[in-house]
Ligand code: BES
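In structure tokens, one chain follows: the form predicted alone.
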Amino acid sequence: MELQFFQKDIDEQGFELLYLPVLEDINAIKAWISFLGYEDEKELFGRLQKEKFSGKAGQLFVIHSQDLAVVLAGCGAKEKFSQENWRELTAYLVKFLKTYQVNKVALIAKTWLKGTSDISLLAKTIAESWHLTNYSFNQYKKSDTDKIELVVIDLGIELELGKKRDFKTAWEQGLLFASSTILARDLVNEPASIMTPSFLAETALKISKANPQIKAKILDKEQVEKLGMGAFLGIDQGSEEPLKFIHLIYQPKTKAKEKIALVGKGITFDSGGLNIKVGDGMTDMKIDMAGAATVLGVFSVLTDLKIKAEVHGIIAACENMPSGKAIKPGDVVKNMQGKSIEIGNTDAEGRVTLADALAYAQKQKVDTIVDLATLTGACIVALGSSYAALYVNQENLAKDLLKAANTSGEKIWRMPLAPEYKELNKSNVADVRNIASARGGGSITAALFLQEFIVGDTAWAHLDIAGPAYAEKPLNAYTPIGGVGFGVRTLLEWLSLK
């Protein structure tokens, strides 16, 4: 799809459809119809009444014409449009274009800029939402009768000539945000027979080969043993699939002022181990590597976005399976820091692998660590399926991540690292136990377990993405059922400010 810019005379540009956001103001809507100069104006006013179109959010009113169809898109009664409003408006347009297929679509920028003049932000947001809304994962279907391809060739933007460059630059950035999220979605949606630790490692290598500023280290079992990663090895030992420890390193072209590690949980299938999951509890456990998918999605565009920080991507990838070699409840393992962990439940495995991944991250002498993990069902109980839980040990980091999440439209809620709950992770035989002694506050106690492996003054944030990592129903207007790619856009927003 090509961008086409024009300043006036939309009727002479050859567009087939004009998409106009309108507020919930019937007089303003009628004024637009009058401005467009329809001969059947009274009939259109009658249709407004019959169809009860008032400009409420999500409403569409279509004025058909042989030359130029016009779609009025309701935005509700708002004093100012937010980025999320723009994402939703774009999503409604994309979905409409799957039912009303045209090649040339036009937008008038000033009708979107209610209460703001940031044309770059508008461009980035439209590009991002357009491609995220149009996403589908159907590569295993011989034929997908439900899928309708967009046929839009040209997207026209009525815009002042002096703002054309800013719009195009921001549009390209929006495409990068979308493509990285889509990569993460694809990885989460892959079946576990394909999405093995080796597949994750191969994806990391492809990203490295495509980006000269990114180096990849892939460690096998023997190398992991030499590093003393007994926690990671313990979880892996029940699986026939070989583990992979993935370390990506992005170096900016200029000297970096900050070193950051992104750590993603990489359990490519979680059966629960010997504490095996039952019934529907195992159905979607191919998604337990969603944190790793987010890290890989982010790395796929770091070079193109010219991120200024040095960034390390770290993934301890393995399966959690219940074979005769599997780790048992009551076993004790040690991570590479020498800290012992009692295995109270083999289905609390992700935090055990992260004990080594976080330790390894600190060995790289990073300033800040952000880990992402589909860690606990307790997080879904607390916050539902739309929100991720954020745990942070430094206020500035919390503030920055929450600001980035607000910009990205991803929903994150800060939770407490309650020190009084640390007692619940105590073990009688080891330094710490991987499952708390009480049922309540499971997401908090899991975060406190991870904090046990953060030493010194390293800034650290933990995102429990168990809820929004996978959408069992559409998460919003631009996120369909399936892998969400949650966290990619938040982290990119955050890193872009470094």
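Note that this is a predicted model, so its numbers are computed, not measured. Heads up: residue numbers just count along the shown sequence, starting at 1.
Another form, the form predicted in complex with the named molecule, is not on view; read the next lines as being about it.
- Item | Options 322-330, 354-362, 206-214, 370-378; stretch whose heavy atom lies within 4.5 Å of the named molecule in the predicted complex | That would be 370-378.
- Go through K259, K114, K221, K277 and name the one with a heavy atom inside 4.5 Å of the named molecule in the predicted complex. Selected residue: K277.
- Item | Proximity to the named molecule in the predicted complex, single hit among D236, D288, E128, E410 (heavy atom within 4.5 Å) | Contact check passes for D288.
- Query: Is N345 close to the named molecule in the predicted complex, meaning a heavy atom pair under 4.5 Å apart or at it?
  - Reply: Yes, N345 is a contact residue.
- Message: I'd like to know if K244 sits close to the named molecule in the predicted complex, meaning any non-hydrogen atom pair within 4.5 angstroms.
- Response: Flag for K244 set to no.
- Message: I435 versus the named molecule, in the predicted complex: is there a non-hydrogen atom within 4.5 Å?
- Response: Judged by the heavy-atom cut-off of 4.5 Å, I435 is in contact with the named molecule in the predicted complex.
- So in the predicted complex, does any heavy atom of R185 sit within 4.5 Å of the named molecule? Contact check for R185: no, nothing within 4.5 Å of the named molecule in the predicted complex.
- Message: Heavy atom within 4.5 Å of the named molecule in the predicted complex: which residues of 259-284 meet that condition, in order?
- Response: K265, D270, K277 sit within 4.5 Å of the partner.
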